[in-house]
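A lone chain, given as structure tokens: the form predicted on its own.
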């Protein structure tokens, strides 16, 4: 294989890594919202992503046969709708479970409630996994899309030899994921609700004195977090097959991206997820599939060693 072929393979992998990494970045943003506001490590985040995938799959199965809903872009609409639906589910989960071990209730528990939070979210992950297995079965499924088999050509870039193929389905999914991140980041920065969430994250006691309902802020943050991650899951549903235990694979990627980018930072989480996607795809061009995660966690450990606050984070965590 000559040098030009190596360059073409690298550019192809890099382009695929950007498209994948943007969706990873969206999911990392959902996770960092929960941690940034609530200071809770949510082990069930991958399972909420899984629910977003199955919501997209079943809604497409039920409605896709009707003429009005059979367009090429209907799966993307359903993926976006998974956000509000899982936002509501997240609110219910917070009201029924997490509210009892977070916020002011956490101060009455051992270790500030952190032990209870870890056990609760881990148990919730197991319940959602096994409940999904019971309801949905173990068969691999995906959302069919004609765009998954179509690609745009870029090139030739060098002497008619370097041509890059950009998958249309992944490209649209990545653009939607980027749009969701930008809209959410602007909303958090400019809206009154966003400011109240940041206040509840920075100093909960002072926020209470300012008239902010910290418990409500935590509930909304949890809903935002799982809803955003569910959108990422819905966008992935037409790119790869999945089953109820797929969340375990992606929650590792999400945590690696959030820590690499910078805990509690929306910008850092997105860029961390983007970096993970690029690393994963580029390493696939010269490493076996079994060693792709090795490259990711090697970079993860180096980041922790050399820059504990993350590649794009500040020394003081921000919401």
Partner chain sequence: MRLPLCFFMTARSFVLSLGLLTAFVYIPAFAQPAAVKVGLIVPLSGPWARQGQVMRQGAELAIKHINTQGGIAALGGAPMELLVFDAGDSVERAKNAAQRMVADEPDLVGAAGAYLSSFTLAVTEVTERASLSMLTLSYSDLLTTRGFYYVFQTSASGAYQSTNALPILLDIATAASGARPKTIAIVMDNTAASVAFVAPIKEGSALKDNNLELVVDEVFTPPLANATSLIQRVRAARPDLLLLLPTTVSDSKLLLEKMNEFGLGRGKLPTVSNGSAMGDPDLLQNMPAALLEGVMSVVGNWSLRGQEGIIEEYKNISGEPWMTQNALSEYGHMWLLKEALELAGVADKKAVAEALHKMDISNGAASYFPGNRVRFAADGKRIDAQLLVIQWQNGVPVSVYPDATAMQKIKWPAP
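Since the structure is predicted, the reported quantities are computational estimates derived from the model, not experimental observations. Positions refer to the first chain, counted from 1.
Note that the form predicted together with the partner chain isn't included here; everything after this is about it.
Partner proximity in the predicted complex, defined as non-hydrogen atoms within 4.5 angstroms of the partner chain, places exactly one of 221 to 229, 160 to 168, 82 to 90, 177 to 185 at the interface: 160 to 168. Though the partner chain is absent from this view, in the predicted complex it lies within 4.5 Å of a heavy atom of just one residue from 73, 149, 134, 115, which is 149. Interface residue remark: residue 141 is counted as part of the site for the partner chain in the predicted complex, having a heavy atom within 4.5 Å. Within 4.5 Å of any heavy atom of the partner chain in the predicted complex lies no heavy atom of residue 62. At least one heavy atom of residue 13 is located within 4.5 Å of the partner chain in the predicted complex. The partner chain is not shown here, and in the predicted complex it never comes within 4.5 Å of any heavy atom of residue 99. Contact residues in stretch 7 to 27 (any heavy atom within 4.5 Å of the partner chain, taken in the predicted complex) are 8, 9, 12, 13, 16, 20, 24.
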